[in-house]
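Given as C-alpha cells, the chain that follows is alone and in the form predicted alone.
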Amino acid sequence: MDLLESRIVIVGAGQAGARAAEALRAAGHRGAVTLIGDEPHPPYERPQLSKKMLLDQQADAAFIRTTQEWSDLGVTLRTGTRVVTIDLGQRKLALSGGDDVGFDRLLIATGTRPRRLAALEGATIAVHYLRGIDDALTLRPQLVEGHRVALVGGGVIGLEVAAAALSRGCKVTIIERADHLLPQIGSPSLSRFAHDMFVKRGAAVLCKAELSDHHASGLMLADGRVVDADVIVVGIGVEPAGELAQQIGLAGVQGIRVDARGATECDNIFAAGDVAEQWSACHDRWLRLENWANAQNQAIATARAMVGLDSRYEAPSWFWSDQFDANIQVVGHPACANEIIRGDAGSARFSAISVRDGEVVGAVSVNNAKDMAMLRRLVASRKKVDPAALANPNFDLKRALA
C-alpha cells in the first residue's frame, strides 16, 4: 500500500487531531483524510477557554480553520459525531449517526475529560467544569462583579479561572487539598509565588482543605468550614477518553501507550495528544502530557510518521500559563530535584532550575522567557552543568550548551 494514498481517519477533532490533519497534507499525503469530532464546533485550541474567553465578555472563540478551509484542504470534517465502535478486521468505524467510515490507518486523538466530584452532584448552586467552548460560554456570564466564586483545585486551570474571576471583580476562594498551590508542578518557589500573587489580588487561598459536601450556601469542608459561593468551578485534573482504544485492547489506566512515532502496539493504529502515554526521559516514566505544545507538536510528528517519514517526537514537556501580568513557563520535571534559584524568587521575574545528577531536568520561569528559551534546550540536551553557574543570574545560559 502506498502510504501517501492511504485512507486516514482521525478520531478527535481537537488541537491534536486538527494539527495532524494539516501535517498530513503538508507531508504530501494524497489519500482521503477524515476528521471526526463529537463537539459541534470546528477544531480549536483550548488555552483561550480559561483566558481570553473568560476575561472578555464579548470574545468569540477562535477556530484553527473554518469549515470551508478544511474542505479546501481536502479534509472531510465531521463534527457533532461520535465513533461508537472500531472494527479492526473490516478496518471501519461505526458512527453515532448510523453510518460507517473505512480506514487504512487510524489516529486516535480523543483527548481527556474533566474529573468530576461526586460530592457536588445534586448541588443547588451550579457547578462548572471547563473543557470546551460551551463550558466557557456557560461560565462567563457568571463571572460578574461581586459574585462569590469558589475554585476547587489549585492547579493551572483552576488558577487561570481564578485570575479571570478576580480580574472581573469577583470574590474568589481557592480550595486545594494539597499543602500548596500548583502541586502537580512540584516547584516550591513557584507555589509560593502563586500563593502570594493571589492573596495580594484579594483571593482567599485555602490549602490542605478537603471538600466533603455541598451546602445550601456553597461548599462544606471536611473540617466543618463553609465556603459561601454563588458560582462553583471544579478543576481537579482530567482523565483520558480511552473508551475506543479499550475496545481494541490498547488503553490502560493512564492512556494509550505510544512510541516516539506515535505508533501503538496495534498495526496501523496511532495516538496523539492528551490521550497518548509517552516515555519521558525527564521523568523516567511513562506519562500523558496534557499541554498545548505536546498536543500540537507530537501530533504533527505522528502524522508525518503515518505517511512513512522518519519522524519522532521526544521533546521534553513544556507549557505556559498567563495569570494576571505573570507569564509562567514550565519545562521538564521540576519536582524531581532540588531547586536552584536564578534571580529573586520574591520578585516578579525569576527562574527556578531543577538539577538531578548534574543534569538540568526541569525548570520554571516567571516573566523570564529569555531564560526559558535556553532552559528548554538544556533539558533536552541532558548536559552536565555546574549548579553554581546556574545560580548566577549574570551567567549566560548559552555557555552551558557549548
Ligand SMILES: Cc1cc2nc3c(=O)[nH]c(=O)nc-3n(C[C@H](O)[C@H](O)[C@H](O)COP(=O)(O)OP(=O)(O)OC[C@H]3O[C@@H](n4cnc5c(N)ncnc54)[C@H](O)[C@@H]3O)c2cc1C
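The numbering used is simple: start at 1 and walk along the sequence shown. Everything numeric here is computed off the predicted structure, so don't read it as measured data.
What comes next is about the form predicted together with this ligand, which is not displayed.
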Problem set entry | Per-stretch contact check against this ligand in the predicted bound form, the hit in 229-237, 192-200, 144-152, 108-116 (non-hydrogen atom, 4.5 angstroms) | 108-116
Problem set entry | is_contact(Glu359, this ligand) in the predicted bound form, heavy atom dist at most 4.5 Å | no
Exercise. Does Glu176 make contact with this ligand in the predicted bound form, using a 4.5 Å heavy atom cut-off?
Worked result: no
For this session: Report whether the minimum heavy atom distance between Ser365 and this ligand in the predicted bound form is within 4.5 Å.
Result: no
Exercise. Taking 4.5 angstroms as the cut-off for heavy atoms, does Pro47 touch this ligand in the predicted bound form?
Worked result: yes
Problem set entry | All of Ala16, Gly37 and Trp320 with a heavy atom within 4.5 Å of this ligand in the predicted bound form | yes
Problem set entry | Contact residue in the predicted bound form, from Ile157, Ala305, Ile269, Leu181 (heavy atom within 4.5 Å of this ligand) | Ile157
Exercise. Which listed residue (Ala295, Ala162, Val331, Ile256) meets the criterion of a heavy atom within 4.5 Å of this ligand in the predicted bound form?
Worked result: Ala295
Seminar exercise, completed: Contact check, 66-86 vs this ligand in the predicted bound form, heavy atom within 4.5 Å, ordered by sequence, gives Thr81, Arg82, Val83
